[in-house]
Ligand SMILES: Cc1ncc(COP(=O)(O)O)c(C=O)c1O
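Form predicted on its own, single chain, as structure tokens, below.
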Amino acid sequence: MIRLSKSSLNSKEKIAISRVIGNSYLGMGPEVKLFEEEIKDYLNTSKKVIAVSSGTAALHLALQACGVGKGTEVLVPSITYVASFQAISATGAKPVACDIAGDNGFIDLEDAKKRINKKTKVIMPVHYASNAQEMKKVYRFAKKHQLRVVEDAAHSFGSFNGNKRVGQIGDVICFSFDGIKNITSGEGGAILTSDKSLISKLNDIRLLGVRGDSKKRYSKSRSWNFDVQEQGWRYHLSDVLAAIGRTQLKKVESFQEKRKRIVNFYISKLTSMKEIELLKIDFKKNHQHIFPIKVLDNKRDPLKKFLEKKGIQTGIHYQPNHLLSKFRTPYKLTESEKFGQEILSIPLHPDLNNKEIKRVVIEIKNFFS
């Protein structure tokens, strides 16, 4: 079986985990602090890095810190993983599904404009397929309509926004480090921001709202006599997971090179196929998390079944969230619905070899011939 995605691990992660276990301290401590500092150094950013237990937790906390809650609304593209919508609804707010641009999966700002009202507080653009090149338009839109921006950058760790790394500029940026992302900490995520009022809140609410507890945890201590001023969550990262993340961070450039080699091969072999469309994004600027193709003429599902029979896993990123029972809308989102019927992700991870990616392309061509 050629896997769609997988964690790329070796003995270095095992050594890192063993080192933490040997210290007999597994919770949030000095490893988390070092992981945050090393992310900051890699991204060359002045922003504060706050490590948390998942990318979903990062979105949830970021929204809460921005004042999102009951009676407020967040603009979000329908094409994203359900985690984006669940993070919004977890605050008590309403996710307002917006349409996308059909050629790249990014939020359609003209459609988003129609959905703004007095309750709208935040826009949450999703860096679909690691694409952050549309973010300047989002920030102009947000400034005009007085909205905060929480970037769902789960796909784009290591990618560029213009000539800056994702995380160097912007309001609030949320990363995911789950098992199949560009780097992994097993499970994990991070929030980046320069807003000092948000930083103070985020440090506390990732640890159940206990004021000032983050600093103590870094030194393997904790607060016994404390105050809590707002709702918090048990969303901090552990030292075990941070140790994995620190090891992965040292491999990020080699991972990126391997992913680019695979992406360039796919582009060179699939561009000329009339039955397929590639997304119109700047692949050179991306650390590519997934490689989705658009399969035309209602052939997506038959192709998916064909490849599975040939031992090749594929994925659907994503079905439109506005069609799910919990988040169903009374209005149609034409491009999102069409996109959800055509999109198919083919295998992409650092451990794929040349023989495997050639086989993927050969079997796609065999299907259509």
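The model shown is predicted, which means the values in this text are computed figures rather than measured ones. Residues carry their position along the shown sequence, with the first being 1.
One more form of this protein, predicted in complex with this ligand, exists but is not displayed; see below.
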Requested in this report: Specify the contacting stretch among 234-242, 213-221, 152-160, 251-259, defined as having any heavy atom within 4.5 Å of this ligand in the predicted bound form.
Outcome: 152-160
Query - Listed residue (Phe283, Phe265, Tyr81, Phe141) with a non-hydrogen atom within 4.5 angstroms of this ligand in the predicted bound form - result: Tyr81
**Report entry** Among the candidates Glu73, Glu275, Asp195, Asp178, the residue which, in the predicted bound form, approaches this ligand to within 4.5 Å (heavy atoms)
**Finding:** Asp178
Query - in the predicted bound form, Thr56 touching this ligand (heavy atom, 4.5 Å) - result: yes
**Report entry** Heavy atom of Gly167 within 4.5 Å of this ligand in the predicted bound form
**Finding:** no
Query - Close approach of Ile293 to this ligand in the predicted bound form, 4.5 Å, heavy atom - result: no
Requested in this report: With heavy atoms only and a cut-off of 4.5 Å, decide whether Tyr318 touches this ligand in the predicted bound form.
Outcome: yes
